[in-house]
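Quick heads-up: it's one chain on its own, the form predicted alone, in structure tokens.
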């Protein structure tokens, strides 16, 4: 696992020659008044004419003016009012009728509104939840007049303090403070049946039995009561129900319901769970994060998670963390880029600095600058163009960019850091039988092998120390270790034979003390070599100067045999040399007489 900190390593740009953009500015409307999130945007060919439309669930003001809008190009062709706040929009095929026109599903409150041919088609209501018996009994007592509004408020307040989940009616009643309002509220609602209804928090689709693009799909929805429902696309009945430890907020679905499927769920407790067919223990591959989740996308077999601590994390499908990228600003939303004509796959990360960063794996390959903070974006086919990026800003603007067909994303990071080649996996060869046998032997005899290694290591250290001590005692070093005789010796052999020239260089390395009464002599095999001068008297050596002494050596053997010659530097009345030099003599060339 690796971490890259982009806050400390700013992007290095060439200010004199800015790089051309990889995106075409197709459309920009800063006053489109579209307030939405990534989950409420989708692109689909809802009229089966090859012209893909843009479908947006507009949040409006948050309480009013919420609408489902459909764009053909830049023209608004359809608009439907939504009663409650939308939490997700998807398109799916619910039948096999021709022409193959998908339906639009909008999650809003406890309902899913289905639109077919841009007209309302069906409304699905989540199954009601069980009401707490004590809460139901309290409202029945109010209906019969056995308790007043103050006792009701006190009892409901105590139940909420104890952690009991109350209905919406009770929660609204607890918000009232005036006695007249409480009495009026009870008079209006006491005769109505008490219901406990949950709301939808996330929405996605799951192929039912075939994997084609226009195959029938089931609806997968997460609810506020910590549940996942899978709905049949024809009868709109609940096919499967799965419970979670926390409220789901992001869904990523792959596979087919009738065969094998995988639902990756990001929950409000900062954990990611994986749901599979037949697997009941969902905590096995649980991914625990240190911060709340801003967005989650699945690309191939990897899961990309954007967190509130300004990090983008990548995990394997089994929950193993691969890498983390530290971003300079907080993340607002993320989106997947799957551009099939070029085989380009990446992750778009929108930041609060009005920038959209494009990441290919963990490498920053492009930056898109916008005029405002991007809060929602969707990449896909729009109109008849495959590489279209639709973005909505926090001020309600609409931006549409098209990826250039000539765009090329380099396989390197735009920020500082190690090269991309550092993360290339090595081609490790397969285990051979010899390797397996050797590993088994090492496993069985590990203690003995370690002891043998330690013994050999100690012997090596002992022999090295002995040889070093012997060299010091016999002065077998070319540099003197005696501080009273600071000398340095070097020797050079010249010639190809049978006569060689030997030059001995002596240098006094002292700073101020001169060396006197020194002699140079040689130790050699007199059967192989003959020295013209076996003894050389050395004059006084001035510190810092280099003195050269020459002699000639004649090789007496013509069999191609060579030996070593030792050079001793001695002081008068001392039998141990000050320094010693060992010379490896070259092989003498045979003397040819013409």
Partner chain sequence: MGFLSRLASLFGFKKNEANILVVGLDNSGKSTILNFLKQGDKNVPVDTVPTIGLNVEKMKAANIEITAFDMSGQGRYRPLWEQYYKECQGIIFVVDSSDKLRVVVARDELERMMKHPDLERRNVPVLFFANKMDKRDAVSSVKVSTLMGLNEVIHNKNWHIVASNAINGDGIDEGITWLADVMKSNMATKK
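Residue numbers count along the first chain shown, from 1. From a predicted model like this one, the values you see are computed outputs, not experimental measurements.
Same protein, other form: the form predicted in complex with its partner chain, not shown, and the subject of what follows.
The closest heavy atom approach of residue 245 to its partner chain in the model of the complex falls outside 4.5 Å. Although the partner is absent here, residue 127 sits far enough away that none of its heavy atoms falls within 4.5 Å of its partner chain in the model of the complex. The closest non-hydrogen atom of residue 402 lies within 4.5 Å of its partner chain in the model of the complex.
Remark: residue 73 counts among the residues lining its partner chain in the model of the complex, judged by a heavy atom distance of 4.5 Å or less. 26 is the sole member of 66, 32, 538, 26 with a non-hydrogen atom within 4.5 Å of its partner chain in the model of the complex.
Just one of 175, 300, 406, 494 comes within 4.5 Å of its partner chain in the model of the complex, counting any heavy atom, and that one is 406. Checking 271 to 279, 202 to 210, 291 to 299, 394 to 402 against its partner chain in the model of the complex, the stretch whose residues place heavy atoms within 4.5 Å of it is 394 to 402. Contacts between stretch 364 to 390 and its partner chain, counted in the model of the complex as any heavy atom lying within 4.5 Å, involve 382, 384, 385, listed in sequence order.
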